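Below sits a lone chain in structure tokens, taken as the form predicted on its own.
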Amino acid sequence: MRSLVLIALLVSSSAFAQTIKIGELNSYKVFPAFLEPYKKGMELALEEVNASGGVIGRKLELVTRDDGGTPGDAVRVAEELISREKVNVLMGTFASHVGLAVSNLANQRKILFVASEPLTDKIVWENGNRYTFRLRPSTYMQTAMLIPEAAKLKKKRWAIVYPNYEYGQSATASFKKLLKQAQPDVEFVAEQAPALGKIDAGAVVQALADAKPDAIFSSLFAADLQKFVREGNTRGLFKSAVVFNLLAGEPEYLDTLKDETPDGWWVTGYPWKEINTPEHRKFRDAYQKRWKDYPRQGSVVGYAAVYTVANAVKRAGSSDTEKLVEAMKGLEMQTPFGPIVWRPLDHQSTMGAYVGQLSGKGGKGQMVNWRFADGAHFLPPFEEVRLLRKD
């Protein structure tokens, strides 16, 4: 009898000590500027959670894989994480088309997927499902944050340039829709859609210049953005047209622009040095102490993503998938950008973003005249979302 009790205690102790596995997949080799800081943010959060005793008496464990930056590779990697590694939760992805593929798999395999970075609106609306929740503000939300400044300028002739895949297509559709609502007489006089990572910047800039726009909307980022800026500066495109560019104020992209950073562009981004709220100071100080480096946008996303899983497990009191899904609905939590809520209706978090202008003063790109835009204020009405959701 005593031996049976001892065995039961050992089994119970083993189960109690078992880690909660987060299967994280991302395009580390394809987008290192964003994802290296992202990984550091994740690791900082993991260390903090586990140092405080873990969640429900169990440590968190990150099982990280590179998804190759393609939907096919990502689905294969996610399947391995589920089947071979027996992870409790899927998390991550960067590119929107990759995120959509993993979201579809998560729905089929009935496992929680915290989509930390992909920005496409479809992941929570047209293609939304029970098991997928998205952290960052979407293309619709970040575009909506720029619209008030765009409409205020009353520029009539707009040109558009975007990377030709799901993120860029989604951003462009949202911009056209929202600007037309705010300024019905607007005209879109040119559109350039180079393949992601393959922009012929000289040709793109020349095509936009030939259209003689009053303003330009861009969703270019990373190396494509750098090439576009260089050619645009060289050919004088930005002297005659004001530019609005999603994500261009994020330090991972400003770091590469340096003294080429154009003045006056309206952007979404992350002025890390100047945000002095208590929650951001705490994060920034901890990050700089741990990594001897300053945080980027990716750092915040990785950090908040891990805390999302930790908070969901704590609220659910379990690592059971169905309990986690229910715990995610309406989950309230703190992030370096302030409190957020995970909306039960569409599984979109209300994380906000910073909106401001670029300045190349001192030979280093930075955001100026910035303000914080609360994500909760830049989402469509519930009635509209209900029509988009098909699940």
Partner chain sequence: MSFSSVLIQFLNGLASASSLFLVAAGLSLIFGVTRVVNFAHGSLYMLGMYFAVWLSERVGFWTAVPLAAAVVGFLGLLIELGLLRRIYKAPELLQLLATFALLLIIKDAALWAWGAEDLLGPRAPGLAAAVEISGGAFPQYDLLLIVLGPLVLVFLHLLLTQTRWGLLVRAATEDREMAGALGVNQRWLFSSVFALGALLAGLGGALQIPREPANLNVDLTVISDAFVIVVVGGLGSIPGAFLAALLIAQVKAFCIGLGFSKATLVVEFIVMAAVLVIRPRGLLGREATIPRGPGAEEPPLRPLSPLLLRALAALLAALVLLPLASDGYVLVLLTDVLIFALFAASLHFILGPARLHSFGHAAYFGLGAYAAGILYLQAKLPMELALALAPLAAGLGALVFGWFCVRLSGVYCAMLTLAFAQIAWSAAFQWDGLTGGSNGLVGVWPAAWLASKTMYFYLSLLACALAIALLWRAVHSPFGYALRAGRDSPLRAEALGIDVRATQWAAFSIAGLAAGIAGALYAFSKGSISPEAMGIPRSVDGLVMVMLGGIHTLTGSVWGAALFTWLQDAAARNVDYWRAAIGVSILVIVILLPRGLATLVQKRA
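Remember, predicted model here, so these are calculated numbers, not experimental data. Numbering follows the first chain given and starts at 1.
One more form of this protein should be noted, the form predicted in complex with its partner chain, which is absent from this view; the next part is about it.
- A heavy atom within 4.5 Å of its partner chain in the predicted bound form is found for exactly one of S240, Q288, S83, Q181: S83.
- The partner is absent here; in the predicted bound form, the one residue of E326, E36, E43, E61 having a heavy atom within 4.5 Å of its partner chain is E36.
- Exactly one of the stretches 266 to 274, 317 to 325, 139 to 147, 74 to 82 approaches its partner chain in the predicted bound form with heavy atoms within 4.5 Å, and it is 74 to 82.
- Its partner chain in the predicted bound form is not approached by V306, whose heavy atoms all lie more than 4.5 angstroms from it.
- Although the partner is absent from this view, D66 contacts its partner chain in the predicted bound form, with a non-hydrogen atom inside 4.5 angstroms.
- Its partner chain in the predicted bound form is not approached by K361, whose heavy atoms all lie more than 4.5 angstroms from it.
- The shortest heavy atom separation between V189 and its partner chain in the predicted bound form exceeds 4.5 Å.
- Along 210 to 249, residues D210, A222, A223, Q226, K227, R230, E231, N233, T234, R235 each place a heavy atom within 4.5 Å of its partner chain in the predicted bound form.
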